[in-house]
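Shown below, as structure tokens, is a lone chain in the form predicted alone; questions about how it binds or moves come after it.
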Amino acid sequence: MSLPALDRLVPAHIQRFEPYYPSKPDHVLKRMYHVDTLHRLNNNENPLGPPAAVHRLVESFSPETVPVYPNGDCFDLRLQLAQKFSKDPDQFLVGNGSCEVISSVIKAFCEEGDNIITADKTFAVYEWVAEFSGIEARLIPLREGAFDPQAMLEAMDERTKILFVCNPNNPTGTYWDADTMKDFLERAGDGRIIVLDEAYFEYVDKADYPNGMELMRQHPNIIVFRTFSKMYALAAARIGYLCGSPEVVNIVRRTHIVYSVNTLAQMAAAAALEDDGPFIQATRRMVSEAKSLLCSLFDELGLEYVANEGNYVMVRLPMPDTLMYRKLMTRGIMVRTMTGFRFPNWIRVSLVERPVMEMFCQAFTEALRES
């Protein structure tokens, strides 16, 4: 038997798409870069977590639960989310991370010839899922580091099905305030789905930051994405969710994979929501202190940087970002190179505890001096 004629079997839009290769496991990376410890500042994880209630749950998790399939649609977790946000359980769908719910929404509303609209420098999965699904992704340049509402509205046509707004934006941390959001929603009308990705919602403590959960009462075409990976520190569990009007969610449910969220993830997410206020406040204090430390360093070094909302900052380098990545890796620090986000020669740094931030500052300064 020989390899099939892949150029005949594979659709053209898949042939054009470049595969994504995640980083290697830590034990492999430590061997490659000859380091004993590796501090991961590349994925915006929360080192303070998960909350204490999740610790207790994981320690008491029974092996007898493992042979049994999880609840197929996260029934108990949806009940808890509904109670927390004063909504109906049928307004929630839970997925194996936000990436799964992104895929479910695009599959539910788009077909060949349709398009979605988002920014050119934002969370890339909206664009990727659209493109490898054969759907056009219209990418609007950021304006002063933020989503450009006017340009997004002007890009709409009769085949536009979904507009994705990452609020706050990853990686710039900029956000639309309440007035900007309300104006955009009014002008966009109710003929399309508006996705508000609020993956970093719990990190924002600004009075003018809009809450998508509340806006959907007046705009039932809104779908809100949130995740347990960032603030709640359940990244390894892979669990996120969407919320929308019952009618819209009922449509998305038709394309959504059931049984994709394991039992431990469902239980951990529910536990994380219990008395989460003190944990969120502690995390915000950690992020604020880390941000202040890094901004002072970048000011001292005369480097351009972006430090807004979220638990990350970006800095522009006087060298290729891949070179800085390698230099930091040899010192046990892993950051995110940003060329793939269309920010060539920038890196993004997660904001964590002070001792690790101080290690980063020392390693970063040494790496610059070597160049």
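Numbers for residues come from their place in the sequence shown, where the first is 1. Everything quoted here is computed from the prediction, not taken from an experiment.
Form predicted in complex with a small molecule: not shown, discussed below.
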*Look at the candidate spot formed by Phe298, Lys327 and Gln362 and say whether the small molecule comes within 4.5 Å of a heavy atom in all three of them in the predicted complex.*
no
*asked:* Taking the small molecule as it sits in the predicted complex, is Asn170 near enough to touch it, meaning that at least one heavy atom pair lies within 4.5 angstroms?
replied: yes
*Does Thr118 make contact with the small molecule in the predicted complex, using a 4.5 Å heavy atom cut-off?*
no
*4.5 Å heavy atom contact, Gln91 to the small molecule in the predicted complex*: no
*Heavy atom to heavy atom, is Arg238 within 4.5 Å of the small molecule in the predicted complex?*
yes
*Candidate from Cys166, Leu242, Ile193, Cys74 lying within 4.5 Å of the small molecule in the predicted complex - any heavy atom*: Cys166
*With the small molecule left out of view, which of Phe184, Tyr200, Trp176, Phe109 would have a heavy atom within 4.5 Å of it in the predicted complex?*
Tyr200
*Among 269 to 277, 98 to 106, 255 to 263, 156 to 164, which stretch has residues with heavy atoms no more than 4.5 Å from the small molecule in the predicted complex?*
98 to 106
